[in-house]
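This document starts with one chain, in the form predicted alone, laid out as structure tokens.
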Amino acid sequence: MRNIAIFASGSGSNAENIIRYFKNHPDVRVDSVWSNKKEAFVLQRSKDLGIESRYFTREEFMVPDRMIRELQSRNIDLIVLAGFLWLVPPEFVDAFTIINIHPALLPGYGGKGMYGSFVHESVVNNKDKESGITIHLVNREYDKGDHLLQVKCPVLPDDTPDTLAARIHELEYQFFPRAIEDFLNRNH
């Protein structure tokens, strides 16, 4: 059995989708959900789905020895960032394989401050013809890890950041869990 820990900062719709995808999987399970925001709805979502959740502070994350030991004691094989907004400290990158999803076609619209609606506003304002998602490994820089999967969608002439975001979310829900599963199957 391979164990996943999900790190999330927000409402947790991607985390819930991943939890549901692996709920009865014979080889993979979501062990726990971790959030850097005490009031993040992802904590309630995971609790409702029977998955242990935990809040952590910036200090715990930036001096991560205890967190790393706890994750290792849980036999975590993969950390999945699902709407997690902090740069991951090098200690985590060295200790675990980490996958992230980004709501744009990297390398465009990546880096510090480029998340959520900021990405979609930039894509629409620049009148790009396409956008999409990038699922990638995490390294020591924002959005610079090796790409595992990119999926494109058109940016329509009448798109707003919200309408584009809705299409991007559908791509995330459709492809993120399968990309995680494919990665684990290739790297078992």
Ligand code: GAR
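Residue numbers run from 1 along the displayed sequence. No experiment lies behind these values; they were computed from the predicted model shown.
Separately, the form predicted together with the ligand exists; it is not shown, and the next lines address it.
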Just to be sure I understand the contacts: of Val88, Leu105, Ile101, Ile79, which is the one whose heavy atoms reach within 4.5 angstroms of the ligand in the predicted complex? Ile101
Though only this chain appears here, would Gln174 touch the ligand in the predicted complex if you measure heavy atom gaps against 4.5 Å? no
Though only this chain appears here, would Ala95 touch the ligand in the predicted complex if you measure heavy atom gaps against 4.5 Å? no
Is His25 close to the ligand in the predicted complex, meaning a heavy atom pair under 4.5 Å apart or at it? no
Contact between His169 and the ligand in the predicted complex at 4.5 Å, heavy atoms? yes
Please identify, from 146-154, 27-35, 115-123, 50-58, the stretch that has a heavy atom within 4.5 Å of the ligand in the predicted complex. 115-123
